[in-house]
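Below, in structure tokens: the form predicted alone, a single chain.
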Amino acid sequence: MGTSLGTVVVTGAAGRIGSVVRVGLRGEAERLVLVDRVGLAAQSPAEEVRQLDLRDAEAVTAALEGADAVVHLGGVPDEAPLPELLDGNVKGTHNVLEGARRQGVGRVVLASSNRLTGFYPVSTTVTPELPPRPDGLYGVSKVAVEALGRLYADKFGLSVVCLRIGSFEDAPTEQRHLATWLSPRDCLGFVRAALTAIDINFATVYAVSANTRRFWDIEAGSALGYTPMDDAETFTPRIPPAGDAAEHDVQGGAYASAEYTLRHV
């Protein structure tokens, strides 16, 4: 795939990350198709909006007609009951991938998550090649999302990039963010690179800013064509001190606590 973005479909376009991607790609895509369950209004001649549920396979396939790429950001964004996660994240992703296969889409970018590996110790630098250690049911759903992406790349020849998104915030606000923060500027940079990198069959990349204390290896991102620029360390004076140290023994922090999942079981 070259550097011309052509027609790009963005699912979850009304969300926090989707809104940043929408603005960032608006002047770069010839046509930007914005998909979400909630209603959106086109803000430029290049934009087209589709209100639909990602669980509706035929509607998803129709939205992908003529697309050169899809950035799949839609789904359940946090811990939830497993049936809800399977329905929203796994089934929704399958519908996007199957629609992309049927419509001949050139590149699929999947929003994965750092919480797919949240049970690794904070002392470990995690690479995409290490086995998953999800910190909850949400992380489990993202393991399935990546597995579906790998299957569609291997079996059907789709070009798939999985972005393991860090803590997406305008600025870091807690101790864990010193390692996990993903700035809006770096988020958009990773998405652009995932859309334009050439000769990709399947790739998994940690989308995280260049934080001095980061847990994750960013070499795969550099190979994709993007080197992050922001560092959470510059915000250290504004961040409250850490609470219970045991909570921070693993990379998922509070997300890895039993209580965080048990309330959804």
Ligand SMILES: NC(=O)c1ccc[n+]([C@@H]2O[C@H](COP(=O)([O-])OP(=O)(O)OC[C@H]3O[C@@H](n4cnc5c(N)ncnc54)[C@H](O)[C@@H]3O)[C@@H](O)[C@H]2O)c1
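No experiment lies behind these values; they were computed from the predicted model shown. One rule holds for the numbers: they count along the sequence shown, beginning at 1.
Just so you know, the form predicted in complex with the named molecule exists too; it's not on screen, but the next bit is about it.
The closest heavy atom approach of Gly75 to the named molecule in the predicted bound form falls within 4.5 Å. Although the partner is absent from this view, Phe168 contacts the named molecule in the predicted bound form, with a non-hydrogen atom inside 4.5 angstroms. Taking the partner from the other structure, the named molecule in the predicted bound form has a heavy atom within 4.5 Å of a heavy atom of Asp53. Although the partner is absent here, Val38 lies within 4.5 Å of the named molecule in the predicted bound form, judged by heavy atoms. For the candidate spot formed by Ala14, Ile17 and Lys142, every residue has a non-hydrogen atom within 4.5 angstroms of the named molecule in the predicted bound form. Per the 4.5 Å heavy atom criterion, the named molecule in the predicted bound form is contacted by stretch 76-84, the sole one of 76-84, 153-161, 190-198, 128-136.
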